[in-house]
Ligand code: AMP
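One chain is shown next in structure tokens, namely the form predicted alone.
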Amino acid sequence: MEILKVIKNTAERFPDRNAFRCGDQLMTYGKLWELSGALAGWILEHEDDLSKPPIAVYGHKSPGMLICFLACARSGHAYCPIDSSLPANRIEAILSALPRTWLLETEDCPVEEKMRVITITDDFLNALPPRSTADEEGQWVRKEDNYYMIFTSGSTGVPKGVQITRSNLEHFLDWSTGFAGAEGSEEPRVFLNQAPFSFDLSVMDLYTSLACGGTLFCLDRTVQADYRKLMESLSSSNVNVWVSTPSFAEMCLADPAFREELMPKLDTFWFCGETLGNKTARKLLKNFPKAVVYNTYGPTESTVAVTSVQVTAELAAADAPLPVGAPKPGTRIEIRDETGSVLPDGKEGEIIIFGDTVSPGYYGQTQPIRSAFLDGEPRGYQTGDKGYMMDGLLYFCGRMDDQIKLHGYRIELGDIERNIIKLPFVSSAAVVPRRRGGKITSLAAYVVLGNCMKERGEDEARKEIRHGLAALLPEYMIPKFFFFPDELPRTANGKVDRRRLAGGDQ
């Protein structure tokens, strides 16, 4: 697949088809291609660095963001999306990691140091002359050049820029479009966008939608923060393919209205970015009986996702955690121990990914960081995730660094969470360590209760949880403290905000 050619062909065949919708903001394929081409021409005319440095794109979920993304690619530059929900110090850290280049802002950016700021407004775009397309394709981002760059949290506290080439992206799309349900569809598919564009989960919906000639339906942060607006927006969305973190779906499932009657055209769920729990999967299959649910797995460094499995009612009903799936074509997964030896089926170790979607590395990488990547053909990436293979399927067991030591015992926080969620009156849970003087002294569990247990009160809930866990876990793994929020806090990416939970508990 050549993604820019595909988008161009859709724009020529269906210029009036909506490529993007967010609230009352719409963008057709014809307009998207026209304006991104004009902006690409402007960039080429004004650039003074022929090395094609990445271009930062700042804003939220507006048509202007898509125009900027494609304009960068069509002028031979990678783009680096920065969502306006990020705090100023995070934005500053990202911009500091980039060379002095353009910052295309679709809304006012609070940090503009060393950048050449171009404000992207409708007036600016509409005033640009049309671009001559005679030799345009020769100026596009080449296959082995970076197409986009997303900054992720580093263990040192400094964000790392993950480079994704056009080839990485197109190999991912060759796979993702295959289970998007677009084949044989007479109408364009509508894809839900929950994650901000600075989170790589958004690549799954944005570019799969564009590759299928679909429509991207975006939920901006104001809608996601208002339950009533969220349900109203979902009801009018006509979404076919749901793409989100499991946490976001769990939040929606708390509303009894979140079922097939609300979204009758919804036929496919894609989950990535977190562990999909059996209980969540069972609720989805019950509330949306005509839909299929896919569980996927992959770090940013391997272009969104590299495995998938359809979660059937039988899988969801099992006591064992759900698998995250079989590797996609072009990907090989190995499980290795601390010596680097490959482990057999059923043995837990570090997940190592080899394949055509593995990043070439971090932007401006240093030797210690580079060691996470393995040279060769294909490239490899040491994920830092734990898992095991069984019958061709990968099982994810949490992060290598989610293991803590308390009173001499090694404890997996994810193990405790999975057992809390098994309790029938629990909707979701997160466990964090409590520290004093830098030392872990106890565990705290944040548990979202079902309505029946809420009515019985927190004291009764603590008693029932401790009683239930006593049959599932050794005493030293049962949290000392239990808190009962109405919902777990989420990051802008839609994941459970564990740092906020831990920070509020020091």
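Each residue number is its position in the shown sequence, starting from 1. A quick note: this is a predicted structure, and the numbers were derived from the prediction, not measured.
FYI, the form predicted in complex with the named molecule isn't displayed, but the following is about it.
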Open item on the list: Based on heavy atom distances of 4.5 Å or less, which listed stretch (261 to 269, 419 to 427, 391 to 399, 221 to 229) is in contact with the named molecule in the predicted bound form?
Closed with: 391 to 399
- [ ] Mark Thr300 yes when one of its heavy atoms lies within 4.5 Å of a heavy atom of the named molecule in the predicted bound form, and no otherwise.
- [x] yes
Open item on the list: Considering non-hydrogen atoms and a 4.5 Å limit, does the named molecule approach Glu350 in the predicted bound form?
Closed with: no
Open item on the list: Although the partner isn't part of this model, could you tell me whether Thr296 comes within 4.5 Å of the named molecule in the predicted bound form, counting any heavy atom of the residue?
Closed with: yes
Open item on the list: Considering non-hydrogen atoms and a 4.5 Å limit, does the named molecule approach Asp385 in the predicted bound form?
Closed with: yes
Open item on the list: Quick one: Lys143, Asn168 and Val241 and the named molecule in the predicted bound form, is every residue within 4.5 Å by at least one heavy atom?
Closed with: no
Open item on the list: Between Asp415, Asp174, Glu334, Glu274, only one gets a heavy atom within 4.5 angstroms of the named molecule in the predicted bound form; which residue is that?
Closed with: Glu274
Task: Proximity to the named molecule in the predicted bound form, single hit among Lys405, Lys114, Lys286, Lys290 (heavy atom within 4.5 Å) - done: Lys405
TODO: Just give me the residues of 317 to 333, first to last, that have a heavy atom within 4.5 Å of the named molecule in the predicted bound form.
DONE: Val324
TODO: Tell me whether Asp402 and Thr280 end up closer or farther apart in the predicted bound form, going by their C-alpha atoms; the shift is 3 Å or more.
DONE: farther
- [ ] Note whether the distance between the C-alpha atoms of Asp402 and Asp391 decreases (closer) or increases (farther) in the predicted bound form, against the displayed form; the change is 3 Å or more.
- [x] farther
